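In structure tokens, one chain follows: the form predicted alone.
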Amino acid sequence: MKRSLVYLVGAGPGDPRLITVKGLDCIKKADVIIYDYLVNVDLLKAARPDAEFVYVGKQGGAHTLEQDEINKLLVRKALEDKIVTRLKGGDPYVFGRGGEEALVLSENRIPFEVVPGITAAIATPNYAGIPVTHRDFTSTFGLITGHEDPTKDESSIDWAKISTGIGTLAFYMGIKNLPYITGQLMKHGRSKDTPVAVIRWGTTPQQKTVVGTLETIVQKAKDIRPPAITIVGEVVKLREQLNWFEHKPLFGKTIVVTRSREQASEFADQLYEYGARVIEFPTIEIAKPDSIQPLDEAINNIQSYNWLVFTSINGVDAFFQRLFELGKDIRDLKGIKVCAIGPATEGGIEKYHINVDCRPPKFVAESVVEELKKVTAIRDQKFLLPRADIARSFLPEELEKLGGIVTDLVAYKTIMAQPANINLLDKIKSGEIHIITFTSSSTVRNFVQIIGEKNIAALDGCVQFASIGPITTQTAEEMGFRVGIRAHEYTIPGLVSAILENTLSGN
């Protein structure tokens, strides 16, 4: 029996992979997720499909809901016999008003648990190359709100004590008050030459760090906007040696991934590891064929085939899913040889504990024919090709010319996706996006259809285009794109390598 329960979860400082294992588990089990502005929305992908999402963000004084209303919302949802996960940036109890929310829950006798999160005061300087303590510099560290009203008659912060009594000071959300903060510190004895770092969107690919001193930082950080954290102390000097995150090869690059939503994560993760900001803009979706009957007939007569030829991971998954749905298993494939184009396709086959007999060295249809000619007498051999509805006709036609008996059928179809409205065209024209990636001809065609053919010419010079292989490149260039980044190996890792090579060469 389900019971009312509220999890107050720290979502971490921005990098979605910095959430705790328990925090992620709370997202997965929630009926309702109530989240803030500073929560990375990528975390919501882990939620159940039927979960309810409620955004209660506060940004620059504009509140979706006031705190009292958020408190009432937590109580109301919990009393509906639901598991509620309250996602808060950083840690719930560090300037997150989690204590207030916990008190309201306690007063209403609603069970709750608090899941600590990595707070920005530690993580953000870490990603900027600044350890908050270091035995050669300081053993004391303080967390201070930067929101205090400078016009108050009396400050609740004891400036005289913190100015000289604590080695490293971390001020949360103090950009607007930066002149007041630096002024108070210098007024109460901190040297004007004390190093200061202001870090915006820390731990994310949008991170920006400005370094100065108490005397100069206001002017140097004049263009920094919230959210940002300010670090004051001698440890800031270590940034020059320890700045690991901003030195990643793709840091500062924003890259668009147009693959299907199901397949985008693998690609996005690899780019993210190299420091890129990734925008998932799926242009295709994978769907079942209009008629499943041809595939069923082939599977029911599977023993009549000599070869199974897979040209994509989608074909592998569609074939085996239907094989199992028809009550069969891999024993029914006994004696049938298997050919796979590309390592991803081969990996998809091997997860079913089936060995691949033919691996073309190049991941295009032309190479498949040449490799099959080396390993089998094609004449009178029966080939089953479970493929996409828009697959090229070259492979079955060439096999038939050589005397093969080919069953080329639609195992899945690709349809145009409906990407979220993120003003992609405006972002490209403004220079916010650096690279758009294409992983198939269909991603190219659908991208054009989504943004409008009339807008293609205007993109020239605004953004680079990256292609996974020659067929995709040909399609892109026929549609008016100038493809400057081309994978040498026609795989996702090959495309990532080409992007890295292009970036490291200074393009």
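A residue's number is simply how far along the shown sequence it sits, counting from 1. Please read these numbers as outputs of a predicted model, since none were measured by experiment.
From this point on, the text means the form predicted in complex with S-adenosyl-L-homocysteine, which you will not see here.
With S-adenosyl-L-homocysteine omitted here, the record of contacts in the predicted complex names 201-209 of 201-209, 345-353, 102-110, 245-253, defined by a heavy atom within 4.5 Å.
Although the partner is absent from this view, Ala268 stays clear of S-adenosyl-L-homocysteine in the predicted complex, with no non-hydrogen atom inside 4.5 angstroms. S-adenosyl-L-homocysteine is not shown here, and in the predicted complex it never comes within 4.5 Å of any heavy atom of Ser312. For Val235, no non-hydrogen atom is located within 4.5 Å of S-adenosyl-L-homocysteine in the predicted complex, even though that partner is not displayed. Of the heavy atoms in Gly96, some are within 4.5 Å of S-adenosyl-L-homocysteine in the predicted complex. Listed residues Pro195, Pro227, Pro396, Gly275 were compared with S-adenosyl-L-homocysteine in the predicted complex; Pro227 is the one with a heavy atom within 4.5 Å. Only one of the listed residues (Cys26, Leu43, Ile451, Leu38) places a non-hydrogen atom within 4.5 angstroms of S-adenosyl-L-homocysteine in the predicted complex, and that residue is Leu38. Taking a 4.5 Å heavy atom cutoff to S-adenosyl-L-homocysteine in the predicted complex, the contacting residues in 115-138 are Thr119, Ala120, Thr124.
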